[in-house]
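Shown next as structure tokens: one chain only, the form predicted alone.
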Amino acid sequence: MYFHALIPFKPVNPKTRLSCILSQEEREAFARTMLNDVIASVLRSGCSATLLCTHPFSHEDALIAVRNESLNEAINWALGQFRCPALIIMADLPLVTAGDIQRLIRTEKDMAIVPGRGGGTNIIFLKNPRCFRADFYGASFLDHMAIAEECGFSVDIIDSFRMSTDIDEKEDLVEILIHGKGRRSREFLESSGFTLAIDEKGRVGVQRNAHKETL
């Protein structure tokens, strides 16, 4: 089955909740690195990729559409252009694999969805994307389930650690350092001086060696 991946991406001043440990320049480089991990898995799954960017950007392995509008408006504009099944996947899922994506597209349902933490949505696969509308932010998982019901879609809810692990907070970096072997995102963090740290209560976090240089 041929399908197309739509990846929203903010190349300028992304991941502001990581400002406590990364400068703007570092956050932009880290966001590009996570994006590269996502695109690599998308391509290995047999999918082509289009980036929905908030600012001009280029990538050798993806088409680019720059949209000066909200995330939902940009996604819904893109879905209206599709004549084939579509995958909406966030750019901050560096642990996702090609096998994970293939698991989604093999669904027998009209739609497959991967919940994010805190009520969000990380990935949606749509066999008929022109009948759907995106409604990200807030409790978007519940919103997308309601929209699927309005469309009459059968839905496959995918429970996956790798696909549900989006990177927004400092604490999220733990998952890349532990589970991201072979990923460019992990290489970036390690070369930037990040290591695992265990506090007095036995909780795992990250620390940064100030003497290391960022990629």
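Note that residue numbering begins at 1 and tracks the sequence as displayed. Remember, predicted model here, so these are calculated numbers, not experimental data.
The form predicted in complex with another copy of the chain exists for this protein as well; it is not shown, and the discussion that follows is about that form.
Please identify, from 130-138, 81-89, 67-75, 104-112, the stretch that has a heavy atom within 4.5 Å of another copy of the chain in the predicted complex.
In the other structure, the partner sits against 130-138.
Looking at 175, 190, 156, 28 here, can you tell me which has any non-hydrogen atom within 4.5 angstroms of another copy of the chain in the predicted complex?
Partner contact (heavy atom, 4.5 Å) among the options: 175.
Could you spot which one of 59, 32, 162, 184 gets a heavy atom to within 4.5 Å of another copy of the chain in the predicted complex?
Exactly one listed residue reaches within 4.5 Å, namely 162.
Would you classify residue 12 as touching another copy of the chain in the predicted complex, given a 4.5 Å non-hydrogen atom cut-off?
Contact check for residue 12: no, nothing within 4.5 Å of another copy of the chain in the predicted complex.
Looking in the predicted complex, any heavy atom of residue 179 within 4.5 Å of another copy of the chain?
Judged by the heavy-atom cut-off of 4.5 Å, residue 179 is in contact with another copy of the chain in the predicted complex.
Heavy atom within 4.5 Å of another copy of the chain in the predicted complex: which residues of 183-209 qualify?
Contacts from 183-209: 196, 198, 200, 201, 202, 203, 204.
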